[in-house]
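The chain below stands alone and is given as structure tokens, in the form predicted alone.
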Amino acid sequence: MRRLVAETTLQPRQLVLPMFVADGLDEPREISSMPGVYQHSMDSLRKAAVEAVAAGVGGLMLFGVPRAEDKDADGSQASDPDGILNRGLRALVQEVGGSTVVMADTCLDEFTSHGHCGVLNDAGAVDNDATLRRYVDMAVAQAETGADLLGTSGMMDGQVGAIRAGLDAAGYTDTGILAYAAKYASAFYGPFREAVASSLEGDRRSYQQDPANRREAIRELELDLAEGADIVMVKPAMSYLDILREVADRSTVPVAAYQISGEYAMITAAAQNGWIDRRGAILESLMGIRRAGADMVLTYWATEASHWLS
């Protein structure tokens, strides 16, 4: 009876698995602040992708982790066809392309020596327009790997329009854009910065959204839609369910939400201490994000939850 009258569904196809591929690894390396999540070698990346697809996940979102010595002020490795992220994307496309949606993180933060999502000017502030040019270079390189969706996570003004124009000019009219429409400057990103070996100096409050603001998220949504976003996303998910609901109510395209590293770490830590039921908390948290309006959820539990749901 409960199944018959349930108002919200949670299915493997609605889950997307974020993955990390690190340069120079011979075997996967566990991320200490995210137990159960790994920086992958190229071989373990392929194996984990095959397992995720077999479980029925809807997509894979890949982040690259370069060697420290390969980072520079412009994040040049981000657009290098032989850079770690683009090599990882090609591996995923070769291994599971056509069986799931391969997504790429289109942002410079993992590749810059200063850890910011864009190019800095002489005053040390992010140069929005110079960054857009780098994003276009990065997007075209990712499209060349065969990636299906590009995740514009940098929160620069005009990034969706610039990338769309750049992809179209290069002939990649079928490559989609997953726009991070509402990405907040959150305290819950901490474990992710370990996951990508971030070199961040300072913070990103000048270009990510203020947690106090709600109307701003809708303005960002409308701009991204006007610029050609194919999917829009709210990040983080669990602390911003009200924003997610408003975005879902107004969006004319599918809506995603990212259950981020800090949210993963909190549930994991509480479960390890025996304070909550792990499986129940994971599934309830995912259902809550779906109930708030997400058509798809990026979660580090995508494969495991898909096994349960299947």
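Quick caveat: nothing in here was measured; it's all calculated off a predicted structure. Just count from 1 along the sequence shown to find any residue number.
We do not show the form predicted together with a small molecule, though everything after this point is about it.
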Using heavy atoms only and a 4.5 Å cut-off, decide whether all three of 90, 103 and 172 touch the small molecule in the predicted bound form.
-> no
With the partner omitted here, the residue among 193, 214, 114, 133 that in the predicted bound form has a heavy atom within 4.5 Å of the small molecule is 193
Contact assignment for the small molecule in the predicted bound form, among 45, 260, 31, 53, heavy atom within 4.5 Å = 260
Counting only non-hydrogen atoms, choose the one of 122 to 130, 219 to 227, 140 to 148, 185 to 193 that falls within 4.5 Å of the small molecule in the predicted bound form.
-> 185 to 193
If you check in the predicted bound form, is residue 107 within 4.5 Å of the small molecule, heavy atoms only?
-> yes
The small molecule contact in the predicted bound form: residue 79, any heavy atom under 4.5 Å = no
Is residue 63 close to the small molecule in the predicted bound form, meaning a heavy atom pair under 4.5 Å apart or at it?
-> yes
Any chance residue 86 has a heavy atom within 4.5 Å of the small molecule in the predicted bound form?
-> no
